[in-house]
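Quick heads-up: it's one chain on its own, the form predicted on its own, in structure tokens.
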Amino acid sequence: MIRLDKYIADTLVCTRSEASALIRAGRVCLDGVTVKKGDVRFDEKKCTVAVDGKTAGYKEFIYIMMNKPAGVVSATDDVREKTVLSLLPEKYMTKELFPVGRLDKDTVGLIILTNDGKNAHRLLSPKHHVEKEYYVECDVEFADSDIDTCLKGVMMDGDRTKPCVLKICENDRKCAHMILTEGKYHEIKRLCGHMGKNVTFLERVRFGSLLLDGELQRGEWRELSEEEISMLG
């Protein structure tokens, strides 16, 4: 059972007070009957809610894809730095969103924000082998031997890194795609450093089967569809 005002706030991504205002204004119907009290409880799996005549299907969790720009930290709050959450509209501030994993301050690209803690933990767990793909540019060319180095792993933080797939770009061997299934601190930069290279640009382009939306400019975002959420892994 769920309160009507919470249902509306979660579904429309608005504050509880904004949801209550909609209900008091007579704009919300429960199974075809106008309801003006937000504390009414009902079974969201059996009942139908409509706002202004349009069915409002319940959405328990929010998933957002963002094209993270450089200079922004992957955190919920920071007293000194601008965060990825600060790029979202105010209506999301009460939804307890957090980034699924982290990208370095100077790393750009695909980052997922959600309030689904259980699934986020699963997606980040190395034992589930969810792939994250990055496009990387370095100051010197990659060698063919680097492919084996990445697959075999290197010692980092007391143990060997899990196999990383390295795909060197044919038209520019200073560029490559790297696919990880874990997320050690600065892992790609440290892997490249082990191979004698400095990373000059790093972009995450894929999480699971979900590709970064090419229509999103740096700093832009959009909510994911149910189908896209299933593609995360």
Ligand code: URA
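Not measured: the values here are computed from a predicted model. Position 1 is the first residue in the sequence shown; the rest follow in order.
The form predicted together with this ligand is left out here; the points below concern that form.
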Task: One stretch from 54-62, 39-47, 160-168, 181-189 that, in the predicted bound form, holds residues within 4.5 Å of this ligand by heavy atom - done: 181-189
TODO: Report whether the minimum heavy atom distance between Thr107 and this ligand in the predicted bound form is within 4.5 Å.
DONE: yes
Open item on the list: Can you tell me whether Tyr134 touches this ligand? I mean in the predicted bound form, with a 4.5 angstroms heavy atom cut-off.
Closed with: yes
- [ ] Although this ligand is absent from this view, report whether Leu202 comes within 4.5 Å of it in the predicted bound form, heavy atoms only.
- [x] yes
TODO: Look up in the predicted bound form whether Leu103 has a non-hydrogen atom within 4.5 angstroms of this ligand, and give yes or no.
DONE: yes
